[in-house]
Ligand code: ADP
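Take a look at this one chain, the form predicted alone, written out in structure tokens.
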């Protein structure tokens, strides 16, 4: 959940940002409920080019997060990210658990003293590099990186202006995976048949980032 301690108070990347305990709780709960609510959609996407279990796995992981949301919200942003990351690694099966876990654990580590949007964007970029190494993947291979990488690039370019548009930016990035041929994961075995389908991991990544953008804007 990138930027879990931020308040989107404007476009200036150097501006101090903060989110209190109630804001952190709202963000954790909103992301978890969104992922649970989209179980069927993610399942359908994964049935087309994967194992068909991405929706179930994400629901299971975020149900576990939701159960402990109150306690997680009491933690500092870095520790909350660490707790959520460990919970997802332990509860989400397949490739998604390690990849989401790596993102959140790394983000919490790199952003331990983050104070501004720029700090968090830098940490997000570093965490993405860890995800690349963990999954031995790059953008363009029809994975969740095809959302994280372009979204990060736009945040670097536009700063706070991009936060209000995060849902649209992330959804557009996920849609861009439709014409791609999968080069990683089970979908890669389908070859040309993977073309024409949105990657389920990219879609779940877009849902997470979309909630982050909406909650941060509500905190203004």
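Positions refer to the first chain, counted from 1. What you are looking at is a predicted structure, and each value in this text was computed from that prediction instead of being measured.
Keep in mind that the form predicted together with adenosine-5'-diphosphate is missing from the display, and what follows is about it.
Asks: Out of 88 to 96, 122 to 130, 71 to 79, 104 to 112, where are the residues with a heavy atom within 4.5 Å of adenosine-5'-diphosphate in the model of the complex?
Replies: It is the stretch 88 to 96.
Asks: Consider residue 161 of the chain shown here, and say whether it contacts adenosine-5'-diphosphate in the model of the complex, taking contact as heavy atoms within 4.5 Å.
Replies: Result no; residue 161 lies far from adenosine-5'-diphosphate in the model of the complex.
Asks: Though only this chain appears here, would residue 202 touch adenosine-5'-diphosphate in the model of the complex if you measure heavy atom gaps against 4.5 Å?
Replies: Residue-level check for residue 202: yes, a contact with adenosine-5'-diphosphate.
Asks: Taking any heavy atom pair closer than or equal to 4.5 Å as contact, tell me whether residue 137 reaches adenosine-5'-diphosphate in the model of the complex.
Replies: Although adenosine-5'-diphosphate is absent here, residue 137 would touch it in the model of the complex, with heavy atoms inside 4.5 Å.
Asks: Consider residue 51 of the chain shown here, and say whether it contacts adenosine-5'-diphosphate in the model of the complex, taking contact as heavy atoms within 4.5 Å.
Replies: Judged by the heavy-atom cut-off of 4.5 Å, residue 51 is in contact with adenosine-5'-diphosphate in the model of the complex.
Asks: Could you pull out the residues of 162 to 190 that have any heavy atom within 4.5 Å of adenosine-5'-diphosphate in the model of the complex?
Replies: Residues within 4.5 Å: 184, 185, 186.
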